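Next up is one chain by itself, shown in structure tokens, the form predicted on its own.
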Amino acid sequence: MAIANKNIIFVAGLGGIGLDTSREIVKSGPKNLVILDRIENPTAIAELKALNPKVTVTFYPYDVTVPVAETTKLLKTIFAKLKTVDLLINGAGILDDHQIERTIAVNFTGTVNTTTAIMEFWDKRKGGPGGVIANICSVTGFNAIYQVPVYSASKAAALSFTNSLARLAPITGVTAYSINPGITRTPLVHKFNSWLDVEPRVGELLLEHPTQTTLECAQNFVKAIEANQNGAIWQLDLGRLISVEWTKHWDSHI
């Protein structure tokens, strides 16, 4: 999907990977980039607006842990202004296995709820035009960091959810793919808590492995958006964009 002249909603588009990806998206010339984030950052929004004055960049405060009805209400406001939305990026995430409930709420439940809410506007069974969803998951979704099992499991859940969305596309008209960054140098990974403190130095040890910059990740993220491959599991690691094969599909005969 060419980004030029498209309307894009980016949940958590001001974080480490998020902000660099927002910059790369704006450079590609969408018509509208709507950023939903929990923390307001006027400086970053001003920078994005200045980066490409032809792009309309707007911001709405949003916490992915709110109920589906509240998300639907916000999306109704956005759709009323834009009329159409082409792409939803779900990018919210936290890495702290001390915060078990919040980790699951942000990394998994939030993705499910935001996706469920936008179906009200996109689902072809309701006369909607369809749309595209890009969910930021993680390589831990298929290769766990075992010292943070809650985080890894939440990302595995988000990945499985995304794979199911892709297979439901013939019914809903909504396609989906996952973005799975490897170890990326962001504030998220410098210092974080392991589950039950099984490894107090987990962040430090993780950064001893080869890493990539947020810019490298963002540039490959844009390539994945442009590829627009339903069901793709994109691994963004060490500055490379790799398509991961999902080895087993279960066909339902309910």
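All figures in this text were calculated on a predicted structure; none of them were measured in a lab. Counting begins at 1, following the sequence as shown.
Just so it is clear, the following notes concern the form predicted together with a small molecule, a form of the same protein that is not shown.
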- Although the small molecule is absent from this view, report whether Gly128 comes within 4.5 Å of it in the predicted complex, heavy atoms only. no
- Message: My question is simply whether Leu14 lines the interface with the small molecule in the predicted complex - judged by any non-hydrogen atom within 4.5 Å.
- Response: yes
- Query: Can you check whether Thr184 is within 4.5 Å of the small molecule in the predicted complex, heavy atom basis?
  - Reply: yes
- in the predicted complex, does Ile39 have a heavy atom within 4.5 Å of the small molecule? yes
- the small molecule isn't shown here, but in the predicted complex which of Ala218, Leu48, Ile225, Val64 has a heavy atom within 4.5 Å of it? Val64
- Note on the structure: Exactly one of Ala92, Ile89, Ala158, Val85 comes within 4.5 Å of the small molecule in the predicted complex through a heavy atom, and that residue is Ala92
- So which stretch, 75-83, 159-167, 175-183, 116-124, is the one near the small molecule in the predicted complex (non-hydrogen atoms, 4.5 Å)? 175-183
